[in-house]
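Taking the form predicted alone, here's one chain by itself in structure tokens.
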Amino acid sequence: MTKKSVDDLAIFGGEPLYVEPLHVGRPNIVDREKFLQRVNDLLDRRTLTNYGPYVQEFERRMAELVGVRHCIAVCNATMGLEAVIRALGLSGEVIAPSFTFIATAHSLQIQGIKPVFCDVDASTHNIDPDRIRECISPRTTGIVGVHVWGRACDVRALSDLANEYGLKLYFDAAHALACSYQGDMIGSFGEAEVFSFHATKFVNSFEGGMIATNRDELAEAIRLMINFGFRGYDNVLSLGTNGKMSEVSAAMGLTNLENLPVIISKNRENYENYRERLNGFSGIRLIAYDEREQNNYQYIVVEIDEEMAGISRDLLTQLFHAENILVRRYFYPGCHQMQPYRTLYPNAGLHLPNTERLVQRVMTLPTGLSIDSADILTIVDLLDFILLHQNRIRKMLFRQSSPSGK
């Protein structure tokens, strides 16, 4: 379905292209029958939580996938980040990107640790090692890297910096399941890495996360921490909380993990379809994946250069949303512009020129198992139509917003 005239656009009263919203991160549901078999099994056994067999199996499968000694399932990735931070004994200040989901910063601030926002590389969108040195102070105890879009940070450079200054290094790997860095699977770097299995991730466990580490003592400390400090029956050894994953979440995670090749194959097919159709669009740059590495192709990301394209990312977002195509502005407006950081560190943006630029340009497009080639054609055709008629669209929007209607 395409638009024949500007008047047909939904923002001007036309029929939306989609009746049901087309989401960027609509949950992937794979092999419902297998999942329900597992649910019936866990109900029959009446083992619903407290480190049951499905959680244990999920941990083993993940450890095999990423090549680490320990994988620890948690109720969500934010809890995973908080547990790693506490187990590492971080304090004072930790250097973090602002171009990330807010949980990366919140997991520090909620424990009384100041996230010192470092700028990202304009090309990779990951924390820039060359800018980290200027962020280090006597209070700095750690660095957190975020593998944005599943494209690995410069792990080697970050490791060298951490070693040079005696800092702890860990990674937010929420986007990076089944991705690699220089041929090695993400999950084995730094002190620990934290994966997300939130409903919107390409492999989900409804809600959930996984901490991966090769550090035996760290793994033991985290296991105590997420189970109230218990080791065995009625034996509490340390302060802790309840961060355990439930059996039903692990059953969902296992079922999706078993279908990992199918999901990645579909993601890659969508990515290549978008890449072919977006080729030649002025001012629209598709963020590419390094074909030398393993990728999950989970996100379809474009940068909108307003000067070249002639239209802003925000206006495009507004027009797409009216058509029920719910593109997303990642990671707008940047952690440093959200509370409490906007108040606590009001000048942070002065040191984040690349971040400030990216949050105005980046847009993610729908993908996943629920998207097919016809949807991609519709999305790209709409983009082409908007770019072709952008001057008239702006005039009509101006008249719409004018009190006189003229």
Ligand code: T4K
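Numbering starts at 1 and runs along the sequence shown. Please read all numbers here as calculations on a predicted model, not as lab measurements.
The following text describes the form predicted together with the named molecule, which does not appear among the structures shown.
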property	result
Within 4.5 Å of the named molecule in the predicted complex, all of Ala77, Thr100 and Tyr299 (non-hydrogen atom)	yes
Interface segment, criterion being heavy atoms within 4.5 Å of the named molecule in the predicted complex, picked from 323-331, 257-265, 116-124, 218-226	323-331
Contact residue in the predicted complex, from Arg26, Arg61, Arg361, His351 (heavy atom within 4.5 Å of the named molecule)	Arg26
Sole residue of Asn295, Asn270, Thr104, Thr213 within 4.5 Å of the named molecule in the predicted complex, by heavy atom	Thr104
The named molecule contact in the predicted complex: Cys179, any heavy atom under 4.5 Å	no
4.5 Å heavy atom contact, Gly253 and the named molecule in the predicted complex	no
Residue contact check: His336 to the named molecule in the predicted complex, 4.5 Å heavy atom	no
The named molecule contact in the predicted complex: Arg151, any heavy atom under 4.5 Å	no
Residues within stretch 160-174 having a non-hydrogen atom within 4.5 Å of the named molecule in the predicted complex	Asp172, Ala174
